[in-house]
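Here's a solo chain for you in structure tokens, the form predicted alone.
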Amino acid sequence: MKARIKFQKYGALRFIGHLDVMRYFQKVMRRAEIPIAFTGGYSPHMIMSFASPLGIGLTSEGEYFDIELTEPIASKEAVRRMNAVGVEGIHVTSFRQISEEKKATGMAIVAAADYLVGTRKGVFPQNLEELVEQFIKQAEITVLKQTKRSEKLVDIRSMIYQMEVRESYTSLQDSGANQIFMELAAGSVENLKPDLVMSAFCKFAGLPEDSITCTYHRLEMYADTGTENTRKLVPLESLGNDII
């Protein structure tokens, strides 16, 4: 049996990296007595895979990882146990059974992610909404993107699914009103980081590089259940069922 766990990451723990998050949940699994399965061999380890690791400094209310269970455990009980032994800064929100297929793991199916962008230093210009509309209307948005081995010019326009100004905000994020909402490609096929988009936007808007420091908050991650020509994004959480 496989399960998908959704959690929030906020506060001081936004500064811990992916490996530390993995170690954290390994300890939580033991302390909460979640019946997680282990690999075989001389050095067994917990069967656990994360959908898309969050960058250091980002907060989120839509993080996911999948595990394999040796026996069923009720979803509500699993969430209660994990939060009871956890610490402030990481909060589990759901625990759902998912398909047994390897191709159905969060890591394999994640296709997009939502972000809210605010400011920690400086403020966005008053005509932010107009600038965002002009930016997203461009046929091409070319940026210098770093790869593991080199740098290359890439057109990221097709990887920006939505971009607009929003006034609402989440309590898990540092900044409040006047934020930019973005829905971007994510996953192994195409992956676009929000800071790369904002770097291109600030350059387009004529903002000096050191005039604004942005905050990034991930809202949700999605799988694409549409056809080859039609995108249909659904939250990873919706592809599972509660264990009773």
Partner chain sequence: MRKLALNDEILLKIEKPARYIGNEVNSVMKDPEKVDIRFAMCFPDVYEIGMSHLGIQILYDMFNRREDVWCERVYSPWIDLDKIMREEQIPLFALESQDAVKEFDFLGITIQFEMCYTNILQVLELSQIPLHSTERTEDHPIVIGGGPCTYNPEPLAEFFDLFYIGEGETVYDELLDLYKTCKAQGMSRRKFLEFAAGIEGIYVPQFYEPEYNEDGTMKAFHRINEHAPEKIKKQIVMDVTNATYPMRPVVPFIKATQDRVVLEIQRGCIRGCRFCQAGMLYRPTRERNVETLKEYALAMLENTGHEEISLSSLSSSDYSQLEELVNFLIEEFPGKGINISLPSLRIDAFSLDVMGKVQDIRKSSLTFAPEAGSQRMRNVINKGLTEDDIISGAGQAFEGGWTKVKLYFMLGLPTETEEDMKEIARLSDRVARRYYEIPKEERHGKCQITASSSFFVPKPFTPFQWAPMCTAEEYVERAYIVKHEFQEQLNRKSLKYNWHEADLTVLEGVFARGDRKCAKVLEEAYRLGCLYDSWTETFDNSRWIQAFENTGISPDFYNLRKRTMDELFPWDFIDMGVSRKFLEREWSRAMNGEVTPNCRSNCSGCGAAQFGGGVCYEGKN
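Treat the numbers as computed from the prediction; the structure is a model and nothing was measured. Residue numbers count along the first chain shown, from 1.
There is also a form predicted in complex with the partner chain; it is not shown, and the following applies to it.
Although the partner is absent from the chain shown here, Leu13, Tyr24 and Lys27 each have a heavy atom within 4.5 Å of the partner chain in the predicted complex. Although the partner is absent from this view, Arg31 contacts the partner chain in the predicted complex, with a non-hydrogen atom inside 4.5 angstroms.
The partner chain in the predicted complex comes within 4.5 Å of a heavy atom belonging to Thr213. The partner chain is not drawn, but in the predicted complex it has a heavy atom within 4.5 Å of Arg120. A residue is said to contact a partner when one of its heavy atoms sits within 4.5 Å of a partner heavy atom; Ile56 meets this definition for the partner chain in the predicted complex. This chain is displayed without the partner chain, yet in the predicted complex the stretch 34-42 from 60-68, 34-42, 187-195, 202-210 comes within 4.5 Å of it by heavy atoms. When you look in the predicted complex, the only residue of Glu101, Glu130, Glu77, Glu88 with a non-hydrogen atom within 4.5 Å of the partner chain is Glu88.
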